[in-house]
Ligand SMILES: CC(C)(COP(=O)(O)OP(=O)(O)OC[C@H]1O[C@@H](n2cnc3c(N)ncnc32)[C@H](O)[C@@H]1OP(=O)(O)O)[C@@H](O)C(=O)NCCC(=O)NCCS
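Next up: a single chain in structure tokens, the form predicted on its own.
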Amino acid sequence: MGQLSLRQSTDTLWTLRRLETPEDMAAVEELQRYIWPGSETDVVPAHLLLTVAHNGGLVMGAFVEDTLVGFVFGFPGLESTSSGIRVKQCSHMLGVHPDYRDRGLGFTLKRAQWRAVREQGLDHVTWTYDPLLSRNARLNIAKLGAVCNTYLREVYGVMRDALNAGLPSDRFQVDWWVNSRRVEDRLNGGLHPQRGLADYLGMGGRVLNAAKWDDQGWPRPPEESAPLPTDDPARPLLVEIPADFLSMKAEQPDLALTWRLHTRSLFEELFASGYVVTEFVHEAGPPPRSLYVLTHGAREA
């Protein structure tokens, strides 16, 4: 995998295209191994990617010269609604080479997927991600405009890759309403409020689980979260998560498990009470803080 080390001093622009050949899918396999090392059984194989791409699915790739540096992969799925069974797009995987993170490539790949899904005549895309990963939350909620009111426990059972081993594989399932004004504005560069923590507190918002930092600089959740308000359901509520959960998993696995179980209980209570994740706030600090914003009764907005 050493040939995939791509770090360089200049910001090289990438090119995007749909992936459809065996050679393309072999490159996706190899990139998966580099991004998520440790478990060969968790790699989506080339033959399955090819089958998806040739039967209504979408596999998009980003290249720097002839090297694949990112991809997004999804396929049609069915969902039950009050009006019957309907078709959606299930976005299964988004991967970006570590040397090309934080440059907007993930957003660019999702924007290409958004266009392709709309061309298929679909209006709903779902995917899952770890709700404690701040980088993913910023992309999915703040930048792409997805919303969430579904918390799933142990989605993948025991995971064996190096990034996820040892923790329950709990996930958010997000809803991306691709024809909504919310999503269109964000993907087309439209204006939407860029609010910080102070703004939400000034609006009457409440942080339900404000973290406290220990002597080693690690955030710790409170023993008990604040109760949900009963007087004003329109008040925004905020849930804090670790700003760097990846480092916490690697260096403080017991604390990472504490955060997993703490936020699991809190999000399940909020979603059962009609709250929806609609925004995400990250502040550099010090200390750095990451918080979800939840609104009562929201769906697409």
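Just so we're clear, the structure is a prediction, and the values are computed from it rather than from any experiment. In case it trips you up, residue 1 is the first one in the sequence shown, and so on.
Below: the form predicted together with this ligand, not depicted.
Annotation: in the predicted complex, residues 187, 197 and 294 none come within 4.5 Å of this ligand through any heavy atom. Partner contacts here mean any heavy atom within 4.5 Å of this ligand in the predicted complex, and among 197-205, 78-86, 216-224, 96-104 they occur only in 96-104. 139 is the sole member of 178, 174, 211, 139 with a non-hydrogen atom within 4.5 Å of this ligand in the predicted complex. For the residues 53, 68, 256, 243, the 4.5 Å heavy atom test against this ligand in the predicted complex is passed only by 243. Contact annotation for residue 134: at least one heavy atom lies within 4.5 Å of this ligand in the predicted complex. In the predicted complex, this ligand sits within 4.5 Å of a heavy atom belonging to residue 35. A residue is said to contact a partner when one of its heavy atoms sits within 4.5 Å of a partner heavy atom; residue 143 meets this definition for this ligand in the predicted complex. Put simply, residue 92 is close to this ligand in the predicted complex: some heavy atom of it is within 4.5 Å.
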